[in-house]
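Next comes just one chain, in structure tokens: the form predicted on its own.
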């Protein structure tokens, strides 16, 4: 047999792994050199792996005394020049809330992994859920935009973690990676060539002394100035001018707050990601994200084999909402179905983007997964 045929017949190398491992690997390859977190199911595997791996790359991993201290350490580490990651679950995001607002106001590049579980409160610590979708968007004061990505497979855990680090550096803001218990803790066989690395941009250093912020043009993102860079660096969570001095001067306060929104809203084309699988014959569009996307993909495959095809959009960016993608995908269909492991949190966004469209939800909050059969039945 010719050598070329032998090569084609050889399957790619595979590994047996989970989403937590993929996230840690991606973080290290993205240049993460600081981690702080507190044990919480189902995010604890990320903490334990980072504690093990960080010393091997010359980084620092800390188990904080609680979630509040952990995210505070990350913010301080970034201001000292580190590239930082933290990981928690829903109850931890509650405790992160105030410091997340500080990261938004101080324009801190930080990646926050939220491994979702069934809530509220302690809820189902070992139970899958997707109940933090609106929480991460609105969980801190002010209502200013954040970026949230949602992987739907182990390779996407790797890819979107690296992408999260790049977006955090690009827009000087906290970026959420919304995963879940099943995706992070269920072992899967993955072809090594399915991992797609991302070039994470180096952090630009500010050149103008004494001016760590810039508000005009509003959509611009100034470089970060670190502590210990040879000059005094001011940092505050209060409204401040471009030199970080606290101010109540209305035009300056207005410019600051409009900048915090515009630097994300005006760059949606760089942030929004989705995978569309459209069939011109389809009358129903299935919009999914996260672990539920696996069932949606299988339902679409079966629908086409059965002669009643569905179209699908798997959202990789949840915030900002990929509005243009949703509108294009909904063209020509009569109905949209949004399967979620909550009571319809993202369906609200789809209804807002597609007014007048028949948008329905398929929802489970009993700790079990949505199945392809349930999606097909909901369509029928």
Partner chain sequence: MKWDIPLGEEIHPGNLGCQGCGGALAMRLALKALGPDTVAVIPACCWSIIDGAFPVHALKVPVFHTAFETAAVAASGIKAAKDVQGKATTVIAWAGDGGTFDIGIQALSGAAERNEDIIYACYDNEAYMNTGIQRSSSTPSGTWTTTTPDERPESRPKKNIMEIMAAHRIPYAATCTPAYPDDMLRKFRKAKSIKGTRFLHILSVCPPGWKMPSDRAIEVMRLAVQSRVFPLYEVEDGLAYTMSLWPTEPVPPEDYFRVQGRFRPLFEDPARLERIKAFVDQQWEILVRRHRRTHPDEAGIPAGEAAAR
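Residue numbers count along the first chain shown, from 1. This is a predicted model, so every value here is computed, not measured.
From this point on, the text means the form predicted in complex with the partner chain, which you will not see here.
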Listed residue that, although the partner chain is not shown, lies within 4.5 Å of it in the predicted bound form (heavy atoms), from 341, 47, 329, 318: 47
Please identify the residue among 95, 233, 221, 82 with any heavy atom within 4.5 Å of the partner chain in the predicted bound form. 95
Looking at heavy atoms inside 4.5 Å, which stretch does the partner chain contact in the predicted bound form, given the options 321 to 329, 350 to 358, 26 to 34, 53 to 61? 53 to 61
My question is simply whether residue 40 lines the interface with the partner chain in the predicted bound form - judged by any non-hydrogen atom within 4.5 Å. yes
Hey, in the predicted bound form, does residue 122 get a heavy atom within 4.5 angstroms of the partner chain? yes
Enumerate the residues of 104 to 119 that have a non-hydrogen atom within 4.5 Å of the partner chain in the predicted bound form, in sequence order, or give none. none
